[in-house]
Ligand code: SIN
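Just one chain follows, in the form predicted on its own, and it is written as C-alpha cells.
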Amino acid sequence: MTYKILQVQPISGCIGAEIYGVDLRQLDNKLLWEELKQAYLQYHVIAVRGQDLSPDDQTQAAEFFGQSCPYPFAKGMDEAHPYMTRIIKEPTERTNFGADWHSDTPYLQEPPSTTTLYAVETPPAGGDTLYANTEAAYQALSDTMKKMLEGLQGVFSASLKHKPGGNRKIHHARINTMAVQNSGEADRLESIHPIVRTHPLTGKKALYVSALHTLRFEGSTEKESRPLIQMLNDHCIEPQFTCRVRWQPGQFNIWDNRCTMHNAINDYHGHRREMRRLTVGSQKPQ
C-alpha cells in the first residue's frame, strides 16, 4: 500500500513496521488515522517513533482502536487513568514484566484486541521486544495439521503454571516496583477459546495458543495436550515469523493481539525501563 502521510519502514519481511513523520496528538487528521489503521492491519505491529504523549494523549490514541479495558493483575495509574498501568523495572531488579512468549490476557472471556505501550524511559541498550506473526505461522502449517486443529478449543489460564521460575504469585513477588494485585486469584481465572481464530476485520486465520497460557485442549488432559501446545508455540516463534523492536523514549507501539505473540527481553540489568501500557477493544475470539 502507498501511504501519503506515514513514513513506513518495515522491520522484517513478515511482521512489524516503524512509523515516522507523524504526531499522534493530531486527533482530527482523518487521513492520518486511516493510514495508521491500515498499517496496523498490514504489519500487525507498528512502532510510532518520536512522540510526546501524556497519559491522556495515549488514551485518546489507543481508543482509536477500541475502548480501554482493565488488566486484572496491576492497579491503574490513578483515578483519571484506571486501566493504564506503569511497567517499571528498576536498576536493582532482576525480574521484568512481560517475559516469555504470549498474547495479552487470553484467559479473559473477552481479551483485548489491541495493546499499546508508550516508552517513558529506556535503557541505553537492551529491553527490546520480540513479536511473532501467528497468522503467517498458521498459513505455513500443512493442510493435515490445519484440518486437525479445526474446531479445537483451548483452555487458557492466568496461573502461569508453566512459567520458568514459578507461577504468577511467585513471579509477582519478584516485581517490587509495579503495583501488582490479585496474584492469588490467578488459578481461578480461565477461559475457553479456539486454537485457530479468525480476524474479524480481515477474515484471515491465526494460531491462538501459547505454552505460557494454554493449559490444555478442551476435553483432553494436560498430559495429552502439552506436546502439541508446545509444538505450536515453538512453530509460531520460528525466526521467519518474527521481528525485534528496539525501544527509545517517546516511542508508541501498537499491536494486534488477535494475530501476534510477543516477548519482552530481560537483558538490561542495572538500568531503568519505564513504560505505560493500555489495552483496548475487548473481544471474544471466534
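One-based numbering along the sequence shown. Everything numeric here is computed off the predicted structure, so don't read it as measured data.
Another form exists, predicted in complex with succinic acid; not displayed. Remarks below refer to it.
- Of the stretches 27-35, 222-230, 47-55, 257-265, only 257-265 has residues with a heavy atom within 4.5 Å of succinic acid in the predicted bound form.
- Among the residues Phe97, Tyr107, Phe73, Tyr138, the one placing a heavy atom within 4.5 Å of succinic acid in the predicted bound form is Phe97.
- Only one of Ser157, Thr129, Thr122, Ser210 lies close to succinic acid in the predicted bound form, with a heavy atom inside 4.5 Å, and it is Thr129.
- Although the partner is absent here, Arg197 lies well away from succinic acid in the predicted bound form, with no heavy atom inside 4.5 Å.
- For the chain shown alone, Met84 is not a contact residue for succinic acid in the predicted bound form, no non-hydrogen atom being within 4.5 angstroms.
- Residue contact with succinic acid in the predicted bound form: Lys205 places no heavy atom within 4.5 Å of it.
- Though the partner is left out of this view, His193 does not reach within 4.5 Å of succinic acid in the predicted bound form, counting heavy atoms only.
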